[in-house]
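Next up: a single chain in structure tokens, the form predicted alone.
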Amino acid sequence: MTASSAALGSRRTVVTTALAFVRRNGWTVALVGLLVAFLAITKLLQPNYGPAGIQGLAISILPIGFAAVAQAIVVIAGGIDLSVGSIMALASVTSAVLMLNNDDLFGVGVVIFVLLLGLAVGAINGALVVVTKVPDIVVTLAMSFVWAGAALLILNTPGGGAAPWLMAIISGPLGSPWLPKALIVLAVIVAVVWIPLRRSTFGLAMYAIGSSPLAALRSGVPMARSKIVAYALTGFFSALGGLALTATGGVGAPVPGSYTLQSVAAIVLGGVSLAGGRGGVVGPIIAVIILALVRTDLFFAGVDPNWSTAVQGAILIGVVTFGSLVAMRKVRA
């Protein structure tokens, strides 16, 4: 009896813990379910879709994944950065120009330099927001033209090169053919930075500022410093996105493209509140994969590629509307 009671109690504890986890991370769990559904649809549309397709998908989402993490950090802190794509372009062309015809060791130094450049550029954005007190959206929109112009001055057409080891680190599988290196690189880098950050004093300050700036100020949170650090981290991950562009294409990409808008779409679908103070980085990464699968499925279904953006927008509207309705029901309850 005692052993049976202990086993029953253990099962109840496991179930209770699992239910509590689902309640805390309901949005992310739902996104995982949506991801599985889209993978199943992809397999139905293209029965030959397998490890090669998964590896190609992982490589294609790597730059956008870093961009989504970059945007999520600053939005959680109550801001927004419309220069993410331009910083990625600046990092990409800088790395491509410096790596061209140089050895691997020099390439490692270039990566470190570009990441420091991303930190500096992000910190400049944050300092301008803090000092001028102009809304984030205005400052970062203006700075997006500055960084995009700087990228074009360095390299006005795709060119340069990428160190062989940088391309090799994201190409192919790791162990199992179903486990792409690109996805492992994204997961490891984000985990190494985000997990300690989330549990640190700064992480708490970031969420506090996003939730209620006035309450954070009254609690003694260093508002200016925290804002600048948040933007610096956004610049850091944007630089990682730029390096990913160089690694995936083998050349520098001087045009920002639509990465900024895609990063905003990913964080919205990923459960990060645009009002700040809520969300994480796992949801946006899953959202990036889902949005990429939407484009893939439309292609396999023979739908005009021009419809993909409209379909993605419709999905975002539907998901956000559903989330708002759920939140309203919780408030009324």
Partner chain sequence: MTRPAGASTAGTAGVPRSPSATGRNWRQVIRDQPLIPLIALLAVLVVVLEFASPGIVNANWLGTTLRSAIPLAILAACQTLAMLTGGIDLSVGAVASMAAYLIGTLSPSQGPLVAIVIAVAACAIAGLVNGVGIGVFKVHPLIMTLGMSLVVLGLMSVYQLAMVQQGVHIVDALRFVGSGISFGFLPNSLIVFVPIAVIIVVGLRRTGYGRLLFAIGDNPIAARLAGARVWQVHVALYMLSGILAAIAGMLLSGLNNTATVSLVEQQVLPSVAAAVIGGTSIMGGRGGYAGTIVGALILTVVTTLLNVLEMPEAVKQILFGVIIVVVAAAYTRVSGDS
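Source: prediction; values computed, not measured. Positions refer to the first chain, counted from 1.
Beyond the structure shown, there is the form predicted in complex with its partner chain, which is absent from this document and is the topic of what follows.
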property: Interface residue in the predicted bound form among 184, 138, 116, 191, criterion: non-hydrogen atom within 4.5 angstroms of its partner chain; result: 138
property: Interface residue in the predicted bound form among 264, 62, 31, 285, criterion: non-hydrogen atom within 4.5 angstroms of its partner chain; result: 264
property: In the predicted bound form, segment of 302 to 310, 23 to 31, 40 to 48, 53 to 61 with a heavy atom within 4.5 Å of its partner chain; result: 302 to 310
property: 4.5 angstroms heavy atom contact with its partner chain in the predicted bound form for residue 153; result: yes
property: In the predicted bound form, residue 177 touching its partner chain (heavy atom, 4.5 Å); result: no
property: Proximity of residue 35 to its partner chain in the predicted bound form, heavy atoms at 4.5 Å; result: no
property: Any non-hydrogen atom of residue 109 within 4.5 angstroms of its partner chain in the predicted bound form; result: no
property: Its partner chain in the predicted bound form: contacted by all of 134, 148 and 268, heavy atom 4.5 Å; result: yes
